[in-house]
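Next up: a single chain in structure tokens, the form predicted on its own.
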Amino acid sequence: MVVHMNNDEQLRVLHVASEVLPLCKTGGLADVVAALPAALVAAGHDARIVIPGYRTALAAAAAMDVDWHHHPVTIEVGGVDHQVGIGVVQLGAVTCYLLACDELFDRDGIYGPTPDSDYEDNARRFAVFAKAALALPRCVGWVPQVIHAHDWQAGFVPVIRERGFGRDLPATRTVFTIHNIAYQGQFAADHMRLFGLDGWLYNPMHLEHHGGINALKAGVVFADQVTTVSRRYAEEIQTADYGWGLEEVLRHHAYKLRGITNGIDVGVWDPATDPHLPAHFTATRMAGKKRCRQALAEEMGLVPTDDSVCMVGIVSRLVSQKGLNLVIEAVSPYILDGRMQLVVLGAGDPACEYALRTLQGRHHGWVCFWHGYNEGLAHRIEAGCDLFLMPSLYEPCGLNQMYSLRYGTLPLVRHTGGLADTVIDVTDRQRGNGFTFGPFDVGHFSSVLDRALGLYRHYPREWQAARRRAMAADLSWTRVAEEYIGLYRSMVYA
């Protein structure tokens, strides 16, 4: 029997993730898990979130009047019972559940004692989280039609549900989203028992991966649908260069893999209202952007210049993936020639930080490196610059290029992942909104930088036209939510 799709019926979607703003964050996952359910609720659907009850998350929730479910749920993992409390907090219009288990989550770190390390019992921690997330609907009396699991920390949710733990959810479908395939959750083979899974699943077609089990692979293999955070990235991760050892698995499951490019919060990132800016502007009233540029130069201690000098910005983690080595090697001739000034905000690899400090010392008044992160300054760099650099080796989606488009700061990016989805080179006179290059080397980067600086100085009308196209792009989560709603409906009503 075919059940026809009802486009007016409210969907019930549970997002299972390890982070969400404003409760806990280590990367872009937290932004997505906050924004997508909010956009779904705004579209009239019932989207909820469940995360682990980390110490930091519970502290943040306490300030929001968290309510606790009267009865904890008992979760057995590897022959050990864990008592999991259920906290409820409202994140705007979205209900968020926190699964508290002190012996597993009451720690200083989220994934490990330091940002670059893992807890040795992460397999147990996220096995308990996965099982408790599947038990949650029975406890709160709300049954989702779709469980949307995010990244490796929730990768075992689809397989545990299918293999019987989710017996209260027989009609619930599963979506698994890969935010960054480089992080996979790989554990020893004997951890199969923690997840209560049959031994016969330990084979290359299911859970086995290079002599262990792989949480991200589990999500890909057992979810009904798999998504990733941009259309281009969905293609790239099926290749040896970008698949991080899972490219064959992804090619085998390509029939259910699709890319849906993330959005940004266009309320927070709005040059017409941004409280971090000294002046506001729109695509038709750009005088405020010039004032933002002048104020940024003063704040950064740059020498005064006229408008013929391009103000270039970077806001980034300073790691090799982001292509900062290309920038450091290439920019000096353009600075010495008086064609550009450079502002960099970020922190990361000590060698990269040292190179940027050296560059700043060599070009005093023309380069400013601000070490660390400053939210207000990030907004002012986006608003005050003319050109924004993101020469990433790979970029699943990327956010700063979309912030740049929103603020009329043309992005210069490598043609990869979400950068390729959102930035179109200005050689396309009808759609171009930035600059792109292909091979990851200094020669190709220098060539496109030279081209961008030339267009800025000598062809201001073409630059302004590209800027208007950039600011007209639909970057909202409303667009993203519509794509996910279509995916959910195709699963629920098929």
Ligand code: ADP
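The numbering used is simple: start at 1 and walk along the sequence shown. Just so we're clear, the structure is a prediction, and the values are computed from it rather than from any experiment.
Another form, the form predicted together with adenosine-5'-diphosphate (ADP), is not on view; read the next lines as being about it.
- Tyr403 belongs to the set of residues with a heavy atom inside 4.5 Å of adenosine-5'-diphosphate (ADP) in the predicted bound form.
- For Gly372, a non-hydrogen atom is located within 4.5 Å of adenosine-5'-diphosphate (ADP) in the predicted bound form, even though that partner is not displayed.
- adenosine-5'-diphosphate (ADP) is not shown here, and in the predicted bound form it never comes within 4.5 Å of any heavy atom of Gly454.
- When adenosine-5'-diphosphate (ADP) is considered in the predicted bound form, Pro460 lies well away from it, no heavy atom lying within 4.5 Å.
- Only one of 374-382, 334-342, 234-242, 287-295 places residue heavy atoms within 4.5 angstroms of adenosine-5'-diphosphate (ADP) in the predicted bound form, namely 374-382.
- If you check adenosine-5'-diphosphate (ADP) in the predicted bound form, you find no heavy atom from any of Ser18, Val33 and His150 within 4.5 Å.
- The contact with adenosine-5'-diphosphate (ADP) in the predicted bound form, taken as any heavy atom within 4.5 Å, belongs to Gly346 out of Gly323, Gly185, Gly85, Gly346.
- Of the candidates Val249, Leu399, Val159, Leu257, Leu399 is the one whose heavy atoms come within 4.5 Å of adenosine-5'-diphosphate (ADP) in the predicted bound form; the others do not.
- Contacts of stretch 24-59 with adenosine-5'-diphosphate (ADP) in the predicted bound form, defined by any heavy atom lying within 4.5 Å, are made by Gly28 alone.
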